[in-house]
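Next up is one chain by itself, shown in structure tokens, the form predicted on its own.
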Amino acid sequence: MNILKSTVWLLRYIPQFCVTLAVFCGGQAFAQDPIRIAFIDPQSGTFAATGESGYLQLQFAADYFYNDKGGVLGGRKIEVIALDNKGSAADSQQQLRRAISEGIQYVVSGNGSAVASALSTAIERHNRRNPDQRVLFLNYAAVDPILTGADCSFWHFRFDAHSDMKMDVMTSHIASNPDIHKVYVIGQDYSFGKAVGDAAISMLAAKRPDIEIVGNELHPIGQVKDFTPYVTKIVSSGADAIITGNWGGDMVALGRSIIDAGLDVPIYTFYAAYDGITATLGEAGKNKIRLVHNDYANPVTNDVRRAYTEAFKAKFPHKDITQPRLATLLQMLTLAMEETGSTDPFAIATAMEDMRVTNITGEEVWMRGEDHQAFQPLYISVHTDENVVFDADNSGFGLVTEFSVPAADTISPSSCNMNRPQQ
């Protein structure tokens, strides 16, 4: 029995001993080998600013919390490799093949849901065919509900709330405003944009059946430079509120057109902040633009978040912390590594199921095991220059939280029927 226990113990911890003692294991020296993460997101094109920002934040979090403090698993550093998918599902699959050929075991991506779906499907297929070369997909921002619903995968983990969860919070806020009677929905013509429109219509009908949906329009993603014709229709509809899931360059362009039209109605968004959007909206967006998100904004009361943001701004004066959940992603990933003494994707995925951590804002995040969907508090914040500790785009304007929903109230039933692989 003692021999058996010792053998099991050695098999589990040999990889960590190899790192710590800097000896050769299986013909390879692991002491200085970094843990590499492929960041597959736009680095060029319409959405380049969003992808570049995410890459910088992920590598900064890796350095701030781990690399500058000795690394993980006895000294291994985390290296983030940016692979440009140009916002294309086809290019994403090409970059995935490149990552796999280079022996990378972890893929991080988030913009947008069509890309995430293509990656999840490709990784599921690859892992089934290559059990000795598995890859884990960590999704930080693609929010189509189907990714943790009907199309869920054991190899996919989502760290953002999906769009139905966010829309539930958004429509509750809208329903509480007695001055809103007509709502116009506009979004990008792909799976996420359609999911936003469908959820807005059904949820508002249930919560405020007196509210009229006066428009539900989709536009080509990344192709519209001037949204004036769309905004003209919004003005003509008599809408007294707008809902949009637009992000990146499409949100900037839509925001400009709304400002130029002088439209004075509340605008409920998923991504109308940072990366040039806040600076574009400026004074014209004050107290109009609202954002649903999973990070408490201003005023900043948590010392960990404050120090983290100050350090990031010191290194990147013209950038902002737009995706604090990237730090949560690394927190869960590295905790799973330390708990298992391994970097094996199957072991890491199993360890992350039902994991609970406290994020840099001081809130608990739970990764539900049955569908790999993260749950955390959700907030609605308003674009303003009052009580702002950390602004965005160095504009003097930022987000101030005005409405919050605890994590327990965001939990929805799972529709995932996960195919679980054998070890």
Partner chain sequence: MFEVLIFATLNGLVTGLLLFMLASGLTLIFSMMGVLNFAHASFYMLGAYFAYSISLYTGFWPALILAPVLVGVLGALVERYGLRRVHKSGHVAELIFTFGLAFLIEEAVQFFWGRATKDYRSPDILDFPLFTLFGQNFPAYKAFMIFISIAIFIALYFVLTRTRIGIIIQAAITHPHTVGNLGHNVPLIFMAVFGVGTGLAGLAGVIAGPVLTTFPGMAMVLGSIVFVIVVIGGLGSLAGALVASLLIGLLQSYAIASDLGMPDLLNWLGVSFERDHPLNDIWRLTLPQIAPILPYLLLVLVLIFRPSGLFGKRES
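Quantities reported herein were computed from a predicted structural model and do not represent experimental measurements. Positions refer to the first chain, counted from 1. Superpose the two forms; the largest set of C-alphas matching within 1.5 Å is the rigid core.
Below, we turn to the form predicted together with the partner chain, even though it does not appear here.
Hey, in the predicted complex, is T309 touching the partner chain, heavy atoms inside 4.5 Å?
T309 lies outside the contact set for the partner chain.
Although the partner chain is absent from this view, report whether D240 comes within 4.5 Å of it in the predicted complex, heavy atoms only.
No, D240 stays farther than 4.5 Å from the partner chain in the predicted complex.
Answer for F154 alone: is it within 4.5 Å of the partner chain in the predicted complex, judged on heavy atom distances?
Outside the cut-off, so no.
Report yes if any heavy atom of K233 sits within 4.5 Å of a heavy atom of the partner chain in the predicted complex; otherwise report no.
So K233 counts as contacting the partner chain.
State the residue from G341, G74, G282, G149 whose non-hydrogen atoms include one within 4.5 Å of the partner chain in the predicted complex.
Comparing distances to the partner chain in the predicted complex, the residue within 4.5 Å is G282.
If the cut-off is 4.5 angstroms on heavy atoms, which of these, P266, P345, P324, G222, is the one near the partner chain in the predicted complex?
Looking at P266, P345, P324, G222 one by one, just G222 meets the 4.5 Å heavy-atom criterion.
Give a yes or no on whether every one of G70, L333 and V365 sits within 4.5 angstroms of the partner chain in the predicted complex by heavy atom.
Zero of three within 4.5 Å in the predicted complex.
Would you point out which of 349 to 357, 160 to 168, 256 to 264, 291 to 299 contains residues with a non-hydrogen atom within 4.5 Å of the partner chain in the predicted complex?
Of the options, only 256 to 264 has residues within 4.5 Å of the partner.
State yes or no: after fitting on the rigid core, is the Cα displacement of I186 between this form and the one not shown at least 2 Å?
Yes: I186 shifts by at least 2 Å between this form and the one not shown.
With both forms fitted on the core, give yes or no for whether the Cα of V115 moves by 2 angstroms or more between this form and the one not shown.
Moves: no, less than 2 Å.
Given a superposition on the rigid core, I'd like a yes or no on whether D260 shifts its C-alpha by 2 Å or more between this form and the one not shown.
Superposed on the core, D260 moves its C-alpha 2 Å or more between this form and the one not shown.
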